[in-house]
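This document starts with one chain, in the form predicted on its own, laid out as structure tokens.
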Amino acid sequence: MSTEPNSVADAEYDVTFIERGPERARFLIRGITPAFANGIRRAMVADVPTMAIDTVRVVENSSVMFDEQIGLRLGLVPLSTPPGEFEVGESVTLSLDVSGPDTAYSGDLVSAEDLVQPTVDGVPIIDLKEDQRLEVEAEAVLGRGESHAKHQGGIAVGYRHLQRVEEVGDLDAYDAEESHVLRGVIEEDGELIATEEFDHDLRERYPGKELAVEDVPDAFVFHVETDGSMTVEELVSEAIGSLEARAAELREAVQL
């Protein structure tokens, strides 16, 4: 576990990383309200723009799949989106030209912009047989998740209360010990423990004990995964920036 100060909000909030990677992270934020926690989640899902293929011009498609199905698959290919490099609505051209017998993958897409590339090379587009060919030109557009799910860089974004567990006493010798399943992160004497460490069952960690479990006020554990279009750190920072911009707009609008 590592604890780092929050550099976004005047050191009001305490942030602790439980798991941290470029595309997957879990962290605890103390000192925020449920409404603010939900605002962060919504901003990560709906406000942070990412690149996604929006229009496709089919040059040749002699496969067994309709053009519309090809377009749908291409639209779901995640593309790298460096924050701040493009404006919403700007586009980048990509092309794909594969002849059978072969399989066209996302990695076969050729981008006109080095900054915008498929984040996963192994997404299958179509299996081409002998004498079949797929050649397309596509336009990827920077858009927000509020307009279409293909622009959501956070593929799994959620939060839940941090829960505190305390031993109240010993179970009666004649009481049947039943499973007590929790999922997330618990706090025990100031230590943060992921519930998967004891298979999510408190009885595995506290055998024979009577327990008291309660939500820790204003403390929320976030779980964030991205599609690779940007890192978790970039996604969270961009979401916080979006909230700050909205707050500034509201502040200006209500000033007399």
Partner chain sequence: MELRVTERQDNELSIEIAGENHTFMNVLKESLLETEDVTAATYDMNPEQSGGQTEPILTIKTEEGVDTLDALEDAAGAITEKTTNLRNAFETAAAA
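Source: prediction; values computed, not measured. Positions refer to the first chain, counted from 1.
As for the form predicted in complex with the partner chain, it is not shown, yet the points below apply to it.
Engineer: Identify whether the partner chain in the model of the complex is within 4.5 Å of every residue in the set 19, 183 and 205, based on non-hydrogen atoms.
Structural biologist: Per the other structure, none of 19, 183 and 205 touch the partner chain.
Engineer: Since the chain is shown here on its own, which stretch among 183-191, 53-61, 197-205, 31-39 would lie within 4.5 Å of the partner chain in the model of the complex, judged by heavy atoms?
Structural biologist: Only one stretch passes the 4.5 Å heavy-atom test: 31-39.
Engineer: At the 4.5 Å heavy atom threshold, is residue 219 in contact with the partner chain in the model of the complex?
Structural biologist: No, no contact at 4.5 Å.
Engineer: Test of understanding: in the model of the complex, would residue 87 fall inside 4.5 Å of the partner chain by heavy atoms?
Structural biologist: Residue 87 lies outside the contact set for the partner chain.
Engineer: Report whether the minimum heavy atom distance between residue 47 and the partner chain in the model of the complex is within 4.5 Å.
Structural biologist: Flag for residue 47 set to yes.
Engineer: If we define contact as a non-hydrogen atom of the residue within 4.5 angstroms of the partner, is residue 230 a contact of the partner chain in the model of the complex?
Structural biologist: Flag for residue 230 set to no.
Engineer: Within 4.5 Å of the partner chain in the model of the complex, counting any non-hydrogen atom, which residues from 221-253 show up?
Structural biologist: Sequence-ordered list: 233, 236, 237, 240, 241, 243, 244, 246, 247, 248, 249, 250, 251, 253.
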